[in-house]
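The chain below stands alone and is given in structure tokens; this is the form predicted alone.
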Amino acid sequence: MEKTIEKLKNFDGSILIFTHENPDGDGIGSMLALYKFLKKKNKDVEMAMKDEVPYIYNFLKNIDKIKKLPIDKTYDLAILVDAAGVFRAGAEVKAKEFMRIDHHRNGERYGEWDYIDISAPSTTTLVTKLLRKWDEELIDKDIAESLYVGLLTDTGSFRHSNITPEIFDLAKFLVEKGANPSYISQQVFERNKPETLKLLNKVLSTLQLHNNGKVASLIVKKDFFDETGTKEEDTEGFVNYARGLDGVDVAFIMIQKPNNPDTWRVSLRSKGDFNVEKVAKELGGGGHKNASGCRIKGEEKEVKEKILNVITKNLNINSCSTN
């Protein structure tokens, strides 16, 4: 962390902060918080990402400052937040140097100034620590809200297994800085559009249980988006309906890319000890123990079978290791 701060303190060129495609609350929250803090430090800084901001995060300040990748400009430094490598941006990013602030396992390394901690439950956890160490007094309400959003969403509302007392201390700090837990929760979880609920209705109709009820699957077809007037971003959190079923250890959702129907974005979630990161890696993706993802090309049936085969193999391995 100290080398990250030192690098940014002394940096005098143009900076771009960016995150992964199909952005979530952690990536967006980290980007916004770091952007405003560096602005307060009089840095020449901009933000960008490939996709639109999901509707549920549009209440955050400075959202309108986020540019769209790719950008025809070469920055002196590009800071990637909440992703394993620049390739996760989904678009070209031009920069003389790169920096990565992240909590994902493995991934690309760009220099000694990278700040990576795979034990952290969110990238906003790391950004919060970094900003506090650098200049805690500059953390205002807007910064605190952005950081709290990432902390809230990437911990599953403080329900995931990697939650520690330190995380609640960080949440307490952000609340003291102005983040309102009730307001933020309402904005993120209680602002569904009618179209989103219509989409959810169609998606839930695809629910299937496998492996004696230990695995649950959901499917989002391109036609669903067309019929309900929704976008891919409106599927945020849908996989948790499957994960929340009693007896389910692993859940996954297959989302057909609207602009590329041959490609499926897969989100995997698990409870307890089952490690979906291993499943995702075998399928060409990555992530965390209880939340991972990947992309697979192919027909719906073959993609689903491929995912189930890998999950079943790992379920059997996990079962054998606990006997």
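In case it trips you up, residue 1 is the first one in the sequence shown, and so on. Every value quoted in this text rests on a predicted model; they were computed, and no experiment measured them.
Only in words, not in the display: the form predicted in complex with a small molecule, which the text now covers.
Of the residues R265, K271, K39, K50, just one reaches the small molecule in the predicted bound form with a heavy atom at 4.5 Å or closer; this is R265. The contact with the small molecule in the predicted bound form, taken as any heavy atom within 4.5 Å, belongs to A291 out of A291, I56, I66, V279.
Only one listed stretch (84-92, 244-252, 215-223, 155-163) carries heavy atoms within 4.5 Å of the small molecule in the predicted bound form, and that stretch is 84-92. Looking at P258, you'd find every heavy atom of it more than 4.5 angstroms from the small molecule in the predicted bound form.
Of the heavy atoms in R100, none are within 4.5 Å of the small molecule in the predicted bound form. Residue contact check for R295: one or more of its heavy atoms lie within 4.5 Å of the small molecule in the predicted bound form.
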